[in-house]
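What follows is one chain in structure tokens, specifically the form predicted alone.
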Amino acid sequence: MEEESFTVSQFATYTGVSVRTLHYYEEKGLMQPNRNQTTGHRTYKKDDAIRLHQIMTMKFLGFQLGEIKKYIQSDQLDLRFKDTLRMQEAKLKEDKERIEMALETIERTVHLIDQEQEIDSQLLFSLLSNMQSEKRQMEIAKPIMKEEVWSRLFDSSVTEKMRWEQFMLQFLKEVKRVAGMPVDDPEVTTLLKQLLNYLVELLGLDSLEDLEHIFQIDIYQQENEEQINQFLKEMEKLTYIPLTKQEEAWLEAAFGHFYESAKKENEQ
């Protein structure tokens, strides 16, 4: 019995693949339909559907057409193909993680825009930059911070991250507004207290004093100074704060005054 054959349009209908795609696969050497020597018309058999199924399966797994051509031309697949599948698996997992992070970043950014209506572009992109580097930040924090601290910072829910980002947006806006005021001004003190109290709540601490003990090592011991400084430098590379040098210097002086005042109060 003669094997059933299809014209290109019939084969496209039979397989659910467009005529244009079938022509493209033929052009790339992936499909080889029979050709009528007189008319030049293509004729497909059911075996071609098996070949097309192999192509579509490997495309689904993320393989490029050049790789697909190499493998579908082999009658037998050995352990090298297994290794190739494992490599493809790792790549797809990496792509999945990146896509999931991008979707979460979009969700968090849309939330900020909804809440604020209008946001300074530098402030917004600084938060976006921080979102993108969260995984690396966590890797750096794990060896030096206590587990209960870094887990609350980086393993928190999307809702909690949104809340933190909105708070930081408001804090940075206020810093830009009050920068240059005397560091002992009550408004400045209140602003810094709000930040530190929020950090205490976020990290599940009991008091401001506990902020000094979020590390696994004693930050006041000289032998740990280099490790702490290296940690701060690495985090600084990953976290962009959109403040001018003058604003940064003022904020550092304001925190210095705040801590000195708090220390004197505790000693009294």
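All values derive from a computational prediction rather than experimental measurement. For every residue, the number given is its place in the sequence shown, counted from 1.
Another form exists, predicted together with a further copy of the same chain; not displayed. Remarks below refer to it.
Peer 1: Heavy atoms within 4.5 Å of a further copy of the same chain in the predicted complex: does residue 50 have any?
Peer 2: Output for residue 50 is yes: heavy atoms within 4.5 Å of a further copy of the same chain.
Peer 1: I'd like to know whether residue 58 contacts a further copy of the same chain in the predicted complex, with contact meaning heavy atoms within 4.5 angstroms.
Peer 2: Residue 58: contacts a further copy of the same chain in the predicted complex.
Peer 1: Examine residue 151 and determine whether its closest non-hydrogen atom to a further copy of the same chain in the predicted complex is within 4.5 angstroms.
Peer 2: No, no contact at 4.5 Å.
Peer 1: Would residue 252 count as touching a further copy of the same chain in the predicted complex under a 4.5 Å heavy atom rule?
Peer 2: Residue 252 lies outside the contact set for a further copy of the same chain.
Peer 1: Which one, 136, 163, 93, 193, lies within 4.5 Å of a further copy of the same chain in the predicted complex by heavy atoms?
Peer 2: Only one option qualifies, and that one is 93.
Peer 1: For the three residues 142, 184 and 203, which mark the spot I'm curious about, does each lie within 4.5 Å of a further copy of the same chain in the predicted complex through at least one heavy atom?
Peer 2: No, the whole trio is out of contact, none within 4.5 Å by any heavy atom.
Peer 1: Tell me the stretch among 155-163, 194-202, 117-125, 142-150 that has any heavy atom within 4.5 angstroms of a further copy of the same chain in the predicted complex.
Peer 2: It is the stretch 117-125.
Peer 1: May I ask you to list the residues of 81-104 that have any heavy atom within 4.5 angstroms of a further copy of the same chain in the predicted complex, in sequence order?
Peer 2: Sequence-ordered list: 81, 82, 85, 86, 88, 89, 92, 93, 95, 96, 99, 100, 101, 102, 103.
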